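Before any questions on how it binds or moves, here is one chain, the form predicted on its own, in structure tokens.
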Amino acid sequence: MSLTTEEMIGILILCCHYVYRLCCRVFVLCSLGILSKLDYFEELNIKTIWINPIYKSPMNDSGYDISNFIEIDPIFGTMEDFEELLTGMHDRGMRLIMDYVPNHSSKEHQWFEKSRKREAAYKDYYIWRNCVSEGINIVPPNNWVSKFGGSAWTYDDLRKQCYYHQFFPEQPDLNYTNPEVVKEAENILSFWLDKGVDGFRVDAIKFLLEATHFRDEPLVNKSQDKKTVVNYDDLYHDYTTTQLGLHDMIREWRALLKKKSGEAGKYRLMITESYDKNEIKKTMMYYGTNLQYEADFPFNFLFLDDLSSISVASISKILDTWMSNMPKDKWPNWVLGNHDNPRIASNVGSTHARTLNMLMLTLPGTATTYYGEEIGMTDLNYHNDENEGRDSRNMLQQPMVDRDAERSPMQWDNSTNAGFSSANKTWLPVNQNYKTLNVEAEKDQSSSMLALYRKLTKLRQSELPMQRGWTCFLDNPEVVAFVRETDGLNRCFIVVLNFGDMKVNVNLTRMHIALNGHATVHISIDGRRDYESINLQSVTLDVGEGMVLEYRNSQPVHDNPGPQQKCYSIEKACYVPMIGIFLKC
């Protein structure tokens, strides 16, 4: 089935730009603070910004525990501030994506308070079950475990029942078998769409529904004593994730976004978040089917889940897993870091962080940048005496819960608190390396990570082969290499990256018969080799080095791929040089 006009418009919006993910509480201090940084985004050629939850919240989980879905928390300003930010972004041709958190609310939400009291209209807004009392202990209704460990059931003294929470006890799950809850979710989406937001990243989407039979989930280790089940990985989550009816709900939300897109005359994006390690087919389902459209794309967490070590083989496996499983005519996505995982520079080191950023920003599809990645920010090393102000739930002595290391304040310059705040103390400490690792220090350095990021985003924005057309991966055990080309253009780009542990010299002409002669270095990893002429028979790369080569090709690579090469067409298009236009073909 060919893409609809609406879907084509969405692709055109996505193809030239990246998504920049920022945490308002550590990027700048409020909505107007973001407004003051729009020049920075324009310099980086960023047109789409995704912000973390800024709704009313007691902040037990960085705002993902929401007490009012249609109010702005005072920490981030007022609704008027938000509207001013939205107007300012739209005036510059930028888009704002909000975090939508439908799975749960805060315990402090009025819905939960009314549900505890069994008020008729709200009695079944949450998932309540009877518990068995054994002395001073409460025995939960089944063995379901919270994502953060321990029982997923908490007893409520007022209602005298247990309520279900996939995450923290402060975040009771909403009951989507209740049609009134479904309507509430749609009303929340409509409220923000009517405000003018450009779309949503849907949080924790696979957790929205649970099996209504409430049976125990099966043990991973069948010999494990059932009484010792406390960790999330102890169970197969057959009854609490990806339940029947989930995709029906997503399609309803897509229909709503489509309706609102038509009313406003602009496309609204939907991105889904679901960690489905080793179950790539489940992730791909969020694209929808040939007949029914769902998300524009699901987030691709393979670099977070599967990158245990850096090598050509590991990187190539990740690329192949996503591209070979993605449905035809869909749009890829690439993620190197986010607010729940260690920063890429801390995970793999600064050298390979550069190489991975070059990879991510030259692959087909939409790259998602976590704030600070563009300057190479690293995880925060803090001490127990620095915990004041942190979200209470992130202070627990549970390593899987403590996610603040990757959430330290943005490092703008070398002044007090890295230019983030003039206060005596920030919510989280500033990373001690901010004196030398900051935006101000890097913006005029031609060899900096920021300079590399700026050049790569400009390349995507200005060059047709980097926007759509063909991507052909070249098979070589020493480097990751691929060609970006478009039908009708006799100019393509060859990306070559050394993820090995030693210097290499590769012959690109042996990788494909269409590659021969010389190419020009369009972008090198540190700027030192820019514009250098390279003989494709002898391309030398140091450890962690990468380059984007500009090459005049008389024969497209995708016309004759080798047996070990795979070519993918992402929104296939042709350039017609005689009349200078770009057409779908």
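All values reported here derive from a predicted model rather than from experimental measurement. Numbering starts at 1 and follows the sequence shown.
The following text describes the form predicted together with alpha-D-glucopyranose (GLC), which does not appear among the structures shown.
Open item on the list: For the three residues 43, 453 and 522, which mark the spot I'm curious about, does each lie within 4.5 Å of alpha-D-glucopyranose (GLC) in the predicted complex through at least one heavy atom?
Closed with: None of them does, since no heavy atom lies within 4.5 Å of the partner.
TODO: Within 4.5 Å of alpha-D-glucopyranose (GLC) in the predicted complex, counting heavy atoms only, one of 487 to 495, 473 to 481, 332 to 340, 317 to 325 shows up; tell me which.
DONE: Going by heavy atoms within 4.5 Å, the stretch is 332 to 340.
Task: alpha-D-glucopyranose (GLC) contact in the predicted complex: residue 545, any heavy atom under 4.5 Å - done: Because no heavy atom of residue 545 falls inside 4.5 Å of alpha-D-glucopyranose (GLC) in the predicted complex, the answer is no.
Task: Contact flag, residue 204 vs alpha-D-glucopyranose (GLC) in the predicted complex, heavy atom cut 4.5 Å - done: Residue 204 belongs to the contact set for alpha-D-glucopyranose (GLC).
- [ ] Classify residue 64 as contacting or not contacting alpha-D-glucopyranose (GLC) in the predicted complex by the rule of any non-hydrogen atom within 4.5 angstroms, answering yes or no.
- [x] Close contact exists here: in the predicted complex, residue 64 approaches alpha-D-glucopyranose (GLC) to within 4.5 Å, heavy atoms only.
TODO: Using the partner position in the predicted complex, report whether residue 282 sits within 4.5 Å of alpha-D-glucopyranose (GLC), counting heavy atoms only.
DONE: Contact with alpha-D-glucopyranose (GLC), no.
- [ ] Counting non-hydrogen atoms within 4.5 angstroms of alpha-D-glucopyranose (GLC) in the predicted complex, say which of 412, 371, 167, 303 makes the cut.
- [x] Checking each option against alpha-D-glucopyranose (GLC) in the predicted complex, the one that comes within 4.5 Å is 167.
Task: Answer option from 408, 171, 366, 115, heavy atom within 4.5 Å of alpha-D-glucopyranose (GLC) in the predicted complex - done: Contact with alpha-D-glucopyranose (GLC) in the predicted complex is made by 171 alone.
TODO: Go through 144 to 164 residue by residue and record those having a heavy atom within 4.5 Å of alpha-D-glucopyranose (GLC) in the predicted complex; state none if no residue qualifies.
DONE: Residue within 4.5 Å: 148 only.
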